[in-house]
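Before any questions on binding or motion, here is one chain by itself as structure tokens, the form predicted alone.
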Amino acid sequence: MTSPYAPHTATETEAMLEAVGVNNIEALFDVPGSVAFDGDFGIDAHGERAARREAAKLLGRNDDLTEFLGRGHYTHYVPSVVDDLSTRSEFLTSYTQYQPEVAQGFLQALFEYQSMLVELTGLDVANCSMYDDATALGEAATLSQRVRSVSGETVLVPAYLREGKRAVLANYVDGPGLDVESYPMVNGQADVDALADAIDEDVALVYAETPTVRGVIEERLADIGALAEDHDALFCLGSDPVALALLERPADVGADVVVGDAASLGTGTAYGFGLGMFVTREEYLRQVPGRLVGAGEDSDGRRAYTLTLQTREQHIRKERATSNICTNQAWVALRTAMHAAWLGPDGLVDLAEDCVTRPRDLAARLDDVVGLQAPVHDGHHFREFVAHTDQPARAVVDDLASEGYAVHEIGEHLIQVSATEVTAEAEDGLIAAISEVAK
């Protein structure tokens, strides 16, 4: 997936400048002096061999750990066909597909991506991706201000919401002046009774997740949806495509918007890098942020695809835009669509079922280890679970790292472990290591 290192000699550079009719490289750019960088980066020039050697030396400083990490970043096996097809030049070099006459293949793939999310959620409209799950949640919060018929300035989120996601949400809602407040959780799930006490007419949006950040499958989504509807608030549900292949459809529990990270298909673990999905009801079609691919016919009556309803976007109508997002993760969405198509409906369900049985079985094995109790929460889990450690969790995590295994510390005596098909062969080693460090 890397491009070859191709430096230009002085002769080659001079020939290219002559071809375009300028005297120097600086003449190709119009950078105002007030923002132009006039210093020195302090980076010595390297040839290809030296650059590779330097990069290898730098990357060699990374810890060599087998990761049983989750909490929003998940590793699934990505078939080689995804790399092979997605790195074709017509996909890899494409930006936003503004010119449909030269981007039909990419546009169709994005249309299929949208269609998959619509089928998985039961809702009507999906865009062809956001930056990540955090920005998708932020967009849902601002959407609530554009579509609600009554006033309301509060967004309710689970108390266990990941810190980074909450921080992004806070940045998003600062402009429209919304407040973010938390409702309690119990047994790794939403405390619906406490939520009922917290919700009032000032609530614009209620957000819940399944699985929750602790890996527990939320059992009372319909009750949460009913509470939101009773108070004229939007119900936003966070999930991901693999989980949605097995769990109840968001539309069936009253969800108005579904957000989440779809990058668990197509990319594997890429910390800080994701693919935000955003799916909603047809009545909010013109309020959807980001790109939408539509299907129609060309002048010859053939099925054709194009970006549509772009008047919602800030590059068309800055003062009336639904969102300030100005690009999307189209190439990552392409990879997700390829991975999902490769799995097919049955394969996607099989993967989702494995995400239930594998953490269940690993938790049972960890529960047999002296000094550990797993899982902490009583309920069905998806991909991950929380375990209690008699020893301080920080010490257990550090000692496991020294043995080559990474898990999350989430409390003084709580660790969180994620298990997928990618980590299957390392489970015996993790059990052996944790048996030694948890005593």
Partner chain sequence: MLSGHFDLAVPPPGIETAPSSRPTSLTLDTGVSRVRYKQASWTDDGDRYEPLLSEKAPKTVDIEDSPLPEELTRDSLELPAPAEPELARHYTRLSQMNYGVESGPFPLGSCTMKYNPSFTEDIAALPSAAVHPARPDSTVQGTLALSYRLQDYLARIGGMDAVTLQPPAGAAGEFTGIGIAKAHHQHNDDDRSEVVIPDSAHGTNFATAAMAGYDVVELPSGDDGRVDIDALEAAVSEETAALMLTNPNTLGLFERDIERIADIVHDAGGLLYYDGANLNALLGRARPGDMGFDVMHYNVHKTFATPHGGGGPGAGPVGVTEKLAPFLPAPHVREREGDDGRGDYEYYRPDHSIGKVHGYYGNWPVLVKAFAYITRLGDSGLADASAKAVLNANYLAERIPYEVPFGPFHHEFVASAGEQDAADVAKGMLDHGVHPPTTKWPETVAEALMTEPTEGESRRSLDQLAAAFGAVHGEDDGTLAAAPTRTAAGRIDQVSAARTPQLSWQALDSDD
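Numbering follows the first chain given and starts at 1. Small disclaimer: the values here were computed from a predicted structure and weren't measured.
What comes next is about the form predicted in complex with its partner chain, which does not appear here.
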Would you please decide whether V386 lies within 4.5 angstroms of its partner chain in the model of the complex, comparing each non-hydrogen atom pair? no
Residue-level question: is D232 within 4.5 Å of its partner chain in the model of the complex, judged on heavy atoms? no
R291: touches its partner chain in the model of the complex, heavy atom cutoff 4.5 angstroms: yes
Answer yes if any heavy atom of V102 is within 4.5 Å of a heavy atom of its partner chain in the model of the complex; otherwise answer no. yes
Partner absent here, but in the model of the complex, which of 232 to 240, 201 to 209, 92 to 100, 361 to 369 has residues with a heavy atom within 4.5 Å of its partner chain? 92 to 100
Partner-free chain; cross-checking its partner chain in the model of the complex, the single residue of A295, A226, V147, V186 with a heavy atom within 4.5 Å is A295
Candidate from L120, V258, A141, L156 lying within 4.5 Å of its partner chain in the model of the complex - any heavy atom: L120
With the partner left out here, which residues of 356 to 372 have a non-hydrogen atom within 4.5 Å of its partner chain in the model of the complex? V356, T357, R360
